[in-house]
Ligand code: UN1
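Next comes just one chain, in structure tokens: the form predicted alone.
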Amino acid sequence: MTTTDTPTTPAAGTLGGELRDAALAALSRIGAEVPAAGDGGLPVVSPLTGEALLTVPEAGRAEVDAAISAAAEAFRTWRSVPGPVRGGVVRRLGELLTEHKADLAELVTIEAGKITSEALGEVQEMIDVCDYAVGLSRSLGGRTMPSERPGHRLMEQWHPLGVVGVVSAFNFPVAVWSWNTAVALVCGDTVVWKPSEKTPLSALASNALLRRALVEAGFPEAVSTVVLGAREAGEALVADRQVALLSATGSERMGQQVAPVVAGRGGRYLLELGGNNAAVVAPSADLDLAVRGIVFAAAGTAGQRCTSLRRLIVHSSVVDDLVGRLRSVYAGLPVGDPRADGTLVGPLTDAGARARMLAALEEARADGGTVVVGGEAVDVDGAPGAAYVSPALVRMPAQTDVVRRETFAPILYVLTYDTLEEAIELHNDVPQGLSSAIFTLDVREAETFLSEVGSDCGIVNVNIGTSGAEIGGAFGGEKSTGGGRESGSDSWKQYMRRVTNTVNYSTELPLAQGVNFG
């Protein structure tokens, strides 16, 4: 089934019917309602089977406009709520997420195809960012600078920005929303969220928990709104002048379309786009450690993370040893139903993703590449419409166009190098710049890779893989990845507006720079 096919509806007693019942039960325990779709609507297709489990209503431009206007009105109240009180709402959201961690993770698995441990990890990431934001709610502040004029105080303040629009992708259906929302809320902003059309149930469940926290505290539900829709809904959010900040996660192509529209209306944008991530493996590397880091980064989430490892740049002296080890591990990776014990690789999001993966492998072969292991369609009982694949390990003679282009699937291209300068040049010779890593026990190599002449990515790691970032550090990348930063560090500044104040408490009126206007 391609994304444009009409999916079949699962019958009772089938795997699809089981998934539908499980999704509805999880939504009920969370307290989320699925509105009646009426005519048309969005089919909720599970990648586990390729079937549409049910249909949800699709918001058009009018519904999105109404949600944005309601959020703008709610902002007038929410911006004046003290920061620690706003933090209390986020704290309550974290408590509700903890209570319903298994329920929300089950929805993530059903809609995004993640194995259970990764789905639980995604919800834990939401809980962690709530903890972070609660602390942030009591520490947001400006600073006072020395004034050149006597009897004057020069200072900065940070004020709430307005409505924050969030457009998220299917591969992290809830965590990316929480990164933006938890921080935006404590900053005093309101949020309108357009989730991926592939994961509407996870979005309904997450927003229901936040709205419960808001209502319990006596605040309007419109502080946080979810709008379900496809391209039209996203375009409405991007174009609306009431949206002060548009945070969008997706493809490089999507970002190229979003940025000019938001900039043209004077808004701000925060973009998290593609990532063609690489790891360098040096002669001194601990290969046992490297194999563990490489396999999770490359095959985890079926290669469908923005931080997934796609290029492996290995010193010629260890490449044969490392490829041999990886071949053995790859050959034994369990592919199948992500809910089953022992499964490490679930499905691709749809048959279109599988077709793009197979086409990329054919292009790699045409460029002289050799598929060492994997890269085949895998049949799973009861799921003939799903797109399961075995992760592919491919040796390449050079970094060709297909290697420079991100394919959102579990393909790991292996390249070789002889000098660290050559490795860094290969590493940086792609348009994307999200995440990177080096495996080495040589402090000089590590520090060089971390330095200004090393990796040109926003995330640069030593002796760990490219994926699995903690929420305390700013997350984001450079070049065509978009340049945005979310989650930790000082990323909160993007969700607020800076104000410079000068206070004259003297009886004189001296001008700056000694100007005399007498």
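One rule holds for the numbers: they count along the sequence shown, beginning at 1. Bear in mind that the values here come from a model prediction, so they are computed numbers and not experimental data.
Below: the form predicted together with the named molecule, not depicted.
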Select, from the options 66-74, 32-40, 53-61, 464-472, the stretch whose residues sit within 4.5 angstroms of the named molecule in the predicted bound form by heavy atom distance. 464-472
With the partner omitted here, the residue among F172, Y330, Y388, F439 that in the predicted bound form has a heavy atom within 4.5 Å of the named molecule is F172
So the named molecule isn't shown here. In the predicted bound form, which residue out of R86, K198, H427, R305 has a non-hydrogen atom within 4.5 Å of it? R305
May I ask you to check whether Y413 falls inside a 4.5 Å heavy atom distance of the named molecule in the predicted bound form? no
Can you work out whether W193 and the named molecule are in contact in the predicted bound form, taking contact to mean some heavy atom pair no more than 4.5 Å apart? no
Would you please decide whether D337 lies within 4.5 angstroms of the named molecule in the predicted bound form, comparing each non-hydrogen atom pair? no
The named molecule contact in the predicted bound form: W179, any heavy atom under 4.5 Å: yes
Stretch 113-134: residues contacting the named molecule in the predicted bound form, 4.5 Å heavy atom cut-off: E125
